[in-house]
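For reference, the chain that follows is the form predicted alone, supplied as structure tokens.
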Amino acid sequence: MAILEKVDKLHQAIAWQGDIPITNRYTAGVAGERFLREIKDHARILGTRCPDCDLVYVPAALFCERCFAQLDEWLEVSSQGRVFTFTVLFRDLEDRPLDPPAVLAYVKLNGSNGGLVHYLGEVEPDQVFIGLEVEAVFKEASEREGSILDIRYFRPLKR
């Protein structure tokens, strides 16, 4: 079977084993760069607002995904929010046990239509629930590098 022929049945598929020597470089883009720089330089989270849909994007975006309007209005959003969903990780990417387990959550930030997937800290896995109010804990200014990890984690709000 030639490589350009259509495969109709699974048994017709051919696999080639080997390595592809590819290197790449990821850039955050214009909006992502400003978003990360604000976290690094000012320990604050910025979003962009769509003037037509009135949606606030976090992480910031340059264009509205609904109406394709250009997003020029930047605004600070709260570093507090609620756990929208979460998972508990018991193994790392190399399949080694994590002790203690790590908790990852999608945190919907107050004042925005979006949020961030990030670690939760200062909370036991069995104490996490959907709707848990949390706040960002930023690294000290001297430790920040311009990464989403400049937010150490989100912790439960103390009431």
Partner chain sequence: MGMRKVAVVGAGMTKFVRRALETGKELAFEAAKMALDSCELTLQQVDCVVHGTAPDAFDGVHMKGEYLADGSGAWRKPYTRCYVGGGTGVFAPIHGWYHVASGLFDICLVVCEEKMSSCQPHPQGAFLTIFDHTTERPLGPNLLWIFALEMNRYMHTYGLSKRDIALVSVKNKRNAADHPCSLLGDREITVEDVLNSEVLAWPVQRLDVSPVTDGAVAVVLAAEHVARRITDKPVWIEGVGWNLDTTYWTNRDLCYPRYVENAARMAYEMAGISEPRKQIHIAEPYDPFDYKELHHLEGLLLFDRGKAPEATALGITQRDGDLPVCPSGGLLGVGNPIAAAGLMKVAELFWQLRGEAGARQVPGQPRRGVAQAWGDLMQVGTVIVMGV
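Since this is a predicted model, take the numbers as computed values, not measurements. Think of the rigid core as the biggest set of C-alphas that the two forms share within 1.5 Å after superposition. Positions refer to the first chain, counted from 1.
This next part talks about the form predicted in complex with the partner chain, which is not shown.
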property: All of 49, 85 and 97 within 4.5 Å of the partner chain in the model of the complex, heavy atom check; result: no
property: Heavy atom within 4.5 Å of the partner chain in the model of the complex - the one residue of 124, 92, 41, 65 that qualifies; result: 65
property: Partner contact for residue 25 in the model of the complex: the partner chain, 4.5 angstroms, heavy atom; result: yes
property: Non-hydrogen atom contact residue 132 with the partner chain in the model of the complex at 4.5 angstroms; result: no
property: Residue 110, heavy atom within 4.5 angstroms of the partner chain in the model of the complex; result: no
property: Contact of residue 29 with the partner chain in the model of the complex (heavy atom, 4.5 Å); result: yes
property: Options 41-49, 55-63, 113-121, 100-108; stretch whose heavy atom lies within 4.5 Å of the partner chain in the model of the complex; result: 55-63
property: Displaced residue check between the shown form and the other one: residue 142, CA, 2 Å or over, core reference; result: no
